[in-house]
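Okay, so we've got a single protein chain in two different forms coming up as structure tokens, structure 1 first and structure 2 after it.
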Structure 1
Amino acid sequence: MTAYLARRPKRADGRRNYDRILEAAREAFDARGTDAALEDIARAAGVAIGTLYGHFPTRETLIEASVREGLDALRASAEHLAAADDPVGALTRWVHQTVAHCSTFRGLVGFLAASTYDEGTPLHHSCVEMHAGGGMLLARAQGAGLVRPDLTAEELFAAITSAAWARENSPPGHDHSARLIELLIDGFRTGAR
């Protein structure tokens, strides 16, 4: 069953409030993570709390609307990178991009991990898109004999989300997520060991 997704209203005042809430939400999630107080977001947007709930019935729909465009763009990016002549370089670049997007806000990657295999979830669609984009680049690298053939898109996704978690949760000056990605990609390569 497909989850309810927030829709931008048709009426002018509704659309204005919808946009303001989304802008306030992005700022709040950015500053305080995905468990930012919804009342603060409503106040910053200049609307009553009921208005926020009217547009975004759950916290997850609000998070989803805040990141949808960014995450779905990764699919297009994968298609673009698939044209490169260096399949492992393309995969590596895409993984770095994806990790960055999955750690846009502190807490986001937890929702993504919970959404990947649960259709009834607002973020599920974006997860499927990412999965498909990664699977495409993975298959190309495997087809060229450069990445272990037994590596699955699920495992790639697990690697990406765990690196994104590391990025989200690193204290300043101790973010080793980029290095983690390099080590993982090295582990992906054919003949590694």
Structure 2
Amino acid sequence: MTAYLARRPKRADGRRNYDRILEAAREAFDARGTDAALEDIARAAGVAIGTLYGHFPTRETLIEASVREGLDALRASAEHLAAADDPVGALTRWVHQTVAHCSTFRGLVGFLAASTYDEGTPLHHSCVEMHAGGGMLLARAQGAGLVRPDLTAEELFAAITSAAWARENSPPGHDHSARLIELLIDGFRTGAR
């Protein structure tokens, strides 16, 4: 089953409403997390709740549209980093980027983790594509003999999810994920036990 994905309308008035809703949603998610009230988002966008639901039938479709560009950018970044001379450095940089994106809004990391394994969610395809990019970087580092061969892509993403959760739940002004990522990457290296 393919999930519904919100698309920017062709008509000018529809595009304006779509864009205003997305802008209001990003601001609300940033301030209050992914549980922000949809009625408040519609009000901030200057549209009726029915207009919001016309463009984004579920909370998940609104969240997916809010983060789709970032997930696509992570996939593109993985493709770009695959050409780097330092495969572990490339993987590390990508992990930092991914952790930052996955914790953009409070509650987002949970949506992304669940969507990875649920084909019926709007975020599923984007998550699978993003994971493929990370898996490619992991395989490259393993192929160079620099990362443990027994580390699976699924374990890499469990580590990313953990670090994103730590970042998302860090106190204001602190980012506990940076040190956690450093420890994880050290543990991923060949010879680490």
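Just so you know, these numbers come straight off a predicted model, no measurement behind them. For numbering, take structure 1's sequence and count from 1. We call the rigid core whatever largest set of C-alpha positions still superposes within 1.5 Å between the two forms.
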Structure holding the form predicted alone is number 2
If we fit on the core, is the Cα of residue 23 displaced 2 Å or more between structures 1 and 2? no
Quick one: once the rigid core is lined up, does residue 175 have its C-alpha move by 2 Å or more between structures 1 and 2?
yes
